[in-house]
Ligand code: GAL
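Here you get one chain, nothing else, as C-alpha cells; it is the form predicted alone.
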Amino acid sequence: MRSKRKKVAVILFGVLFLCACGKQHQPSAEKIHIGVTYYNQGDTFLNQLISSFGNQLEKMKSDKLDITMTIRGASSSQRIQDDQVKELIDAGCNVLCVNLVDRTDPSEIIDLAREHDVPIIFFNREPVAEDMLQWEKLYYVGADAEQSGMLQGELAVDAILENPRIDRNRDGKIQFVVLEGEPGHQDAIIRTENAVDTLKSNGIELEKLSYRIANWNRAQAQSRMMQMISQYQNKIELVLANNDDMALGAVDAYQKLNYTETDIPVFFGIDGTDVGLEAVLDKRLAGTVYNDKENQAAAMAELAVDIVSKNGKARKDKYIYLPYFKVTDDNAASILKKVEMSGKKK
C-alpha cells in the first residue's frame, strides 16, 4: 500500500510541476500604454477622431496585446500641454499621441519624450519640418490642408455654376466672407487661400467683404457672423468656413436673426463631422470636405502598436497623410452610415 501511495504522490507531484512550468512559460501580453493630449477638448472634429482612435485600439486588443489609453485636453494652453506630457510619461505611457496647442513650439515636449525614450505621434496639427528633425522617433498623421481648401473651392464653384440665384444682386460677382480658425494658424491660412484661389482659377469673380477669426468654434462663429451681417446686411452671398463648426455657427446667426431662405448665402465647411454631414443632408450647408478621421485613427493605432512592438525603433515613414474628399447631399448619407459602422465594436 505504501508503495502505491508513493507512486501516486510522485505522479501528482509531476503533474503539478508540469502545470506550474507551463504557466511560467506562457508569454505575458505586450503592454502598450498610450498617452493622448490634444489642444482643446471642445473641438468637435478632434473629439470624434480620438473616439475613433479608441475604437480602433479596442479592436486591436487580444490575449497577446494589452492596450490602455489616457486622454488629456490642454484647454488651448501650451504650458498645460507640456505639463500633461510629463504627467503621461511619469504614468508609464510608452508612446505619446500629441495634437499640439502651438505647432511652432514642440521643443519641450520633444525633449521630455527623448529623455525618456518615448516615441511621439503628432496628429492633426503638423509641427514645422525643422522640429520633426529633432529626433528620429517623431511621426505625424494627418491630411494635406492645401487639398481641403482646393476641394472646398471646387464645391463652391459647382454650386455657383449650377445655381445662378446665389448671385442675388445679379452683378456678376460673388460677395463673400470667410470664417477662419486661429490667427496665424498654418492650416487656416492654407485652407482659405486655396479655396479662394480655386474659385478664381475657375472663372468665378469674387468680392471679399470681410473675414473674422472664430477659433474653430461654433459659438464664436455665430457671434462673428452676426457682426458681419450687421455691417453688410443681405449683401453676403457666400460663406467659406475653415471647419464645419464655424460654418454651422454662421448658419445659426442667420437663424437667430430670422432671415428667410431667399436672403441667406450658401455655406461651406471642412472636416465632415457628424453634425456637418447632417447639415449637408438637410441642406443647411451646401457642402463640406471630409477629413478622414476613421483612417487617420486607424493609421495612428497601427503606428503606435508597431513602434512599441519594435521597442521604439524608428520607422522610415515618418509622415502619413490621408486624402480629403468632397461631400454633398448626394453622398452625405452613405458617409454617415460608414461612420456609424466603423464605430461598432467587432
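Don't overthink the numbering: it's just position in the shown sequence, from 1. Since this is a predicted model, take the numbers as computed values, not measurements.
Another form, the form predicted together with the ligand, is not on view; read the next lines as being about it.
For this session: Name the stretch: of 160-168, 86-94, 184-192, 227-235, exactly one has residues whose heavy atoms fall within 4.5 Å of the ligand in the model of the complex.
Result: Careful reading of the contacts points to 184-192.
**Asked** Which of 72, 137, 218, 125 has a heavy atom within 4.5 Å of the ligand in the model of the complex?
**Response** Of the listed residues, the single hit is 125.
Using heavy atoms and a 4.5 Å limit, would one call residue 243 a contact residue for the ligand in the model of the complex?
Result yes; residue 243 sits at the interface with the ligand in the model of the complex.
Margin query: My question is simply whether residue 46 lines the interface with the ligand in the model of the complex - judged by any non-hydrogen atom within 4.5 Å.
Written below: The answer is yes: residue 46 has a heavy atom within 4.5 Å of the ligand.
Checklist entry - Can you check whether residue 39 is within 4.5 Å of the ligand in the model of the complex, heavy atom basis? => result Residue-level check for residue 39: yes, a contact with the ligand.
- prompt: Which residues, if any, of 273-298 lie within 4.5 Å of the ligand in the model of the complex when only heavy atoms count?
  reply: Result: 291 alone.
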